[in-house]
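The chain below stands alone and is given in structure tokens; this is the form predicted alone.
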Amino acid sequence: MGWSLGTNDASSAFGTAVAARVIKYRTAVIIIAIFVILGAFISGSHNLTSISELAVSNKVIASDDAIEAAVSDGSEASLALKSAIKASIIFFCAGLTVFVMTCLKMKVSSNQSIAGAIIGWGLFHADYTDPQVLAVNLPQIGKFFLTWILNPVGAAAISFALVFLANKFLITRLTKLAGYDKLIKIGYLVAGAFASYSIGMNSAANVTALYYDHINDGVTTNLLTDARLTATIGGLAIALGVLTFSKRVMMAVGTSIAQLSQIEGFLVIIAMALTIVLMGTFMGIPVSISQALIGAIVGAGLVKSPKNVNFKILRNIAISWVSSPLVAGILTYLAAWATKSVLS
């Protein structure tokens, strides 16, 4: 899952820089890998709980009642093993969805795929006709869906404002500076590093949260109990994907949606990273990196004219966003059916 996320989301940090030939691809992926790991290590643990809560309510991770029952009959080890197997199935289905759609050059959301996979599992194992189950699940699911709207719209608004102000007050002056090219390169490097850090901070939980366990009265019911280690493992997996298979999506996103100047491309990355940090801070859950990036590109493109935005490509991307949680959910539903006799 982490590898697939890295192959798909690496474009978010340096796609516009590489496409504009300001930064070399090799330089970009090295910086992304380093700062993704740093973001995961320093700040990645804060999103673990929100993913875990969605997983508990959808019967992926053991609930407190299940833990108490396991303690009373001495089956903690069996419960921990089942939790790990369920998590592996969820991550495999979500990761396969992201990987296949990435190979098809579709810009998907790993966040949506994970949420879709968890909900798909819950639709089989959790009784969604029970009002008590709905009372727990619907607010959580609604919160995830809300970010799918607020995230790209917020990124577009921030990007539009930054690009509009820069075009009005800054760009003409900057282009006249003797060291303009060097300044642009430094700006892209700093913005890309900041964006990469935000990816690690935001997305590490998507990779390993289902293996994380808050120790309950000394009872361990999952594989990982240290929050920082859990997030760092997620960051390492993302970095591996960045380093090995990210070029295709990076170039596609950087060039296909809107034509941007070098400074506009730099501001897009800043807007995306700011959106990720702000959404994570106020919503408390991981948000889609790809949605933030594409929203920011659209916002920047709209400053010149709506004709500057390729809405046909945007439509195809929107279809991908809808498809990824649906496909991941169907896969995990089928997996839940296939393993019901073992994991129920």
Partner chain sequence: MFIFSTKNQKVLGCFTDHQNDVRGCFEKFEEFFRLLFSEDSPDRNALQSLKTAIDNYEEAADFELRHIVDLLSQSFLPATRSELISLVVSTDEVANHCQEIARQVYLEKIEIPKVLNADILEIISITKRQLDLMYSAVDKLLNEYNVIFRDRKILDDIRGEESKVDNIEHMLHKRIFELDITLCEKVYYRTLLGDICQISDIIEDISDQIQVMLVERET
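Positions refer to the first chain, counted from 1. By rigid core we mean the largest C-alpha set that fits within 1.5 Å across both forms. Predicted model, so just to flag it, every value in this text is computed and none were measured.
The same protein has a further form, the form predicted in complex with the partner chain, not shown here; the description that follows concerns it.
**Q** So which of 171, 123, 134, 224 gets a non-hydrogen atom within 4.5 Å of the partner chain in the predicted bound form?
**A** When the partner chain is considered in the predicted bound form, the option within 4.5 Å is 171.
**Q** Select from the listed residues 251, 240, 183, 81 the one whose heavy atoms reach within 4.5 Å of the partner chain in the predicted bound form.
**A** Checking each option against the partner chain in the predicted bound form, the one that comes within 4.5 Å is 183.
**Q** Since only the chain is shown here, I'm wondering whether residue 213 would be in contact with the partner chain in the predicted bound form (any heavy atom pair within 4.5 Å).
**A** Answer no; every heavy atom of residue 213 is more than 4.5 Å from the partner chain in the predicted bound form.
**Q** Does any heavy atom of residue 87 come within 4.5 Å of a heavy atom of the partner chain in the predicted bound form?
**A** Judged by the heavy-atom cut-off of 4.5 Å, residue 87 is well away from the partner chain in the predicted bound form.
**Q** Give a yes/no on whether residue 167 approaches the partner chain to within 4.5 Å in the predicted bound form, heavy atoms considered.
**A** Contact with the partner chain, yes.
**Q** Residue 72 versus the partner chain, in the predicted bound form: is there a non-hydrogen atom within 4.5 Å?
**A** No, residue 72 sits far enough from the partner chain in the predicted bound form that none of its heavy atoms falls within 4.5 Å.
**Q** Spot the stretch among 201-209, 240-248, 171-179, 134-142 with residues whose non-hydrogen atoms come within 4.5 Å of the partner chain in the predicted bound form.
**A** That would be stretch 171-179.
**Q** Which residues, if any, of 297-322 lie within 4.5 Å of the partner chain in the predicted bound form when only heavy atoms count?
**A** Residue within 4.5 Å: 304, and no other.
**Q** Once the core is superposed between this form and the one not shown, does residue 18 show a C-alpha displacement of at least 2 Å?
**A** Comparing forms between this form and the one not shown, the residue 18 CA shifts at least 2 Å.
**Q** Under a superposition restricted to the rigid core, does residue 157 display a Cα displacement of 2 angstroms or more between this form and the one not shown?
**A** No, because once the rigid core is superposed, the C-alpha of residue 157 moves less than 2 Å between this form and the one not shown.
**Q** At a 2 Å cut-off on C-alpha positions, does residue 141 qualify as shifted between this form and the one not shown after fitting the rigid core?
**A** After core superposition, the displacement of the residue 141 C-alpha between this form and the one not shown stays below 2 Å, so no.
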